[in-house]
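The form predicted on its own is given below as one chain in C-alpha cells.
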Amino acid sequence: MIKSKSKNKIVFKNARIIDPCTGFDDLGGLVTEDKVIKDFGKNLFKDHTPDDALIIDCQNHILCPGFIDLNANIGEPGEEFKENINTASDAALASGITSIVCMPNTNPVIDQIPIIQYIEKRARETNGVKIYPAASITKNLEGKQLTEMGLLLEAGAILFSEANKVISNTKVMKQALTYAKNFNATIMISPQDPDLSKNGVMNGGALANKLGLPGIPKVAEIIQIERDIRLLESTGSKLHFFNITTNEAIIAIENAKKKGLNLTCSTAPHYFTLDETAVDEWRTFAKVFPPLRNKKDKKAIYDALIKDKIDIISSHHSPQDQDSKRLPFEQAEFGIIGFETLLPISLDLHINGKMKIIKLIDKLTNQPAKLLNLNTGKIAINSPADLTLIDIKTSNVLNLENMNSKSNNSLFDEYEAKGKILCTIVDGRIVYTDQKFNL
C-alpha cells in the first residue's frame, strides 16, 4: 500500500527481489529515483523509509526486472485495425513487459530509416512500453537484396530479421551474416524451409491428413537450421533462431553451441503448452506459424527449457482481427496474441516443471537483454528502473474480455493458470497496476 506520493522517487519495501543477472534472490527493499534504480538490498528500509518518496509495500511478492519480449507484431504501421502502438503498449505493460522488439513485417516494411523514425516517434508519444524496431534483412522482405544494415543500425534498428520468412537464397543469407558481423549485429530467423512449408497450414502428419489440410513437415525447420548453422560457422557472425518447435532442432542447436558458435534460440509458450490437436474441428485460433507440433515435440520443447537448452521465452504476439480468423482454415491468417498470457503460461515451467523461478525470470529478462545488448533486464544501481511486481501463487482464469490487445485471437480463453502482474514500472514511472492490488 502507498503511504506518500512523489513523482520521481519510489520505495519498494517487503519485496522478494530477484535479479537473474547476479543471482540475487532475497527479501529486501529497492528505491528508484527519476529513471534509474538508486539502491536495493536485503536490509534496505528495514527500519526506516524516506519521507519524500512514494512507498509501496510489495507484501513479499516478487520484484524483478521488466520482461523483454523479443518477438512482437504491433500492427502499426499498416494494420492498425489489428493492433496499434497504443493498444500493444497497454497489453504489454499489463503483462509485465517493459521492452518489446517489433517485427519488420509492417506495411511499409521496416527497411528504411523513416519507418524506424516513425515507430520511435509513435513510441515516444505513447510513453509506455519501450519499442525497439527490428529491421528487415532484405528489402521489402523479398530475400533478394540486402538492406543498408549500417545506416539502419545508426537510425535505431536493434537487430535484423525476416519475421516469419527466411532467405531461401543461400548466397544472400551468407552475405547477410557476413555483412552483419561487420557491425556486430544480430540476425534473427524463424527457421522454416520456404519450399517445404509452402501452402502448409498445420503440422504435417496423420492429423493433417485426417483433416484434409496441407501440412508443414518437421523437416522444414530442421533443414533450415542445419543450413544456417553451417553458414554461421563459416562467417563467425551472431545468429538467433526464434520459434523453435521440434526436438531435432534442439539437438542441432545444442551441438552447434558446443562448437562455440555465437548462437542462441527461443520459443513461445504455445509451443510448449499446446499441440496439433488444438486444431481439431479446424479451429483457426490454433493456426500459427510455425505450426503447433505433436505431443512428443511439445514435451521436448518443455524439457529443453527446463534443461536450459533454450535461452529465451518470447510471446510471439501476432494479433489478427476477427475477419482474418473467421475463414476456412486454409484461408485464415496465422497468429495468436501472446503478451498477456506470457507469464501465466510460462509459470507452469516453475510450478509443474520444477524450474527455479529465478531461471524462468532469466529467460524473460536477462537473456534477451544480453542478446540485444541492452542495459536493462537486470537490477543494478544506476540501471534503468524497468521493473515488474508479480504474484506467482494466485490462481488466475485468463479471460479474453479482460485483455488489452485490440485483437482476441487466443487459445487461452478461460484457461486456468497461476500468476498475475501486480505492477509494471518503466523508467521509474508506474505505468500499470492490477485493480485488486492495493496501491
Partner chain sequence: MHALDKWIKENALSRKIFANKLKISVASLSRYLAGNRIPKQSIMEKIVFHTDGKVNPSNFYIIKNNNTVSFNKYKNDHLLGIENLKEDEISSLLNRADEIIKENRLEPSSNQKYRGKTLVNLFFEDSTRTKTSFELAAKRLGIDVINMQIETSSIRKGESLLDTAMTLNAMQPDILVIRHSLSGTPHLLANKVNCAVINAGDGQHEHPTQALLDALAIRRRKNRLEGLKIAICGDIAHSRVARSNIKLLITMGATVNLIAPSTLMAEGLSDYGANIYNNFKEGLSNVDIVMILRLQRERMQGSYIPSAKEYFKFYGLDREKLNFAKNDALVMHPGPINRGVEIDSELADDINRTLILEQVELGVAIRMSVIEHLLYNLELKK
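Not measured: the values here are computed from a predicted model. Residue numbers count along the first chain shown, from 1.
The discussion below concerns the form predicted in complex with the partner chain, not included here.
Peer 1: Choose one stretch from 178 to 186, 212 to 220, 141 to 149, 264 to 272: the one whose residues place a heavy atom within 4.5 angstroms of the partner chain in the predicted bound form.
Peer 2: Going through the listed ranges, the match is 212 to 220.
Peer 1: Please tell me whether any heavy atom belonging to Gln331 falls inside 4.5 Å of a heavy atom of the partner chain, as the geometry stands in the predicted bound form.
Peer 2: Contact with the partner chain, yes.
Peer 1: Is there a non-hydrogen atom of Val172 within 4.5 angstroms of a non-hydrogen atom of the partner chain in the predicted bound form?
Peer 2: Output for Val172 is no: heavy atoms all beyond 4.5 Å of the partner chain.
Peer 1: Looking at the partner-bound form in the predicted bound form, is Phe81 within 4.5 Å of the partner chain by any heavy atom?
Peer 2: Heavy-atom contact with the partner chain at 4.5 Å: absent for Phe81.
Peer 1: Indicate whether Leu327 is a 4.5 Å heavy atom neighbour of the partner chain in the predicted bound form.
Peer 2: The answer is yes: Leu327 has a heavy atom within 4.5 Å of the partner chain.
Peer 1: Ok, Glu281, Asp308, Glu125, Asp195: which has a heavy atom sitting within 4.5 Å of the partner chain in the predicted bound form?
Peer 2: Residue within 4.5 Å of the partner: Glu281.
Peer 1: So which of Gly156, Gly353, Pro77, Gly205 reaches within 4.5 angstroms of the partner chain in the predicted bound form, heavy atom to heavy atom?
Peer 2: Only one listed residue qualifies here, and that residue is Gly205.
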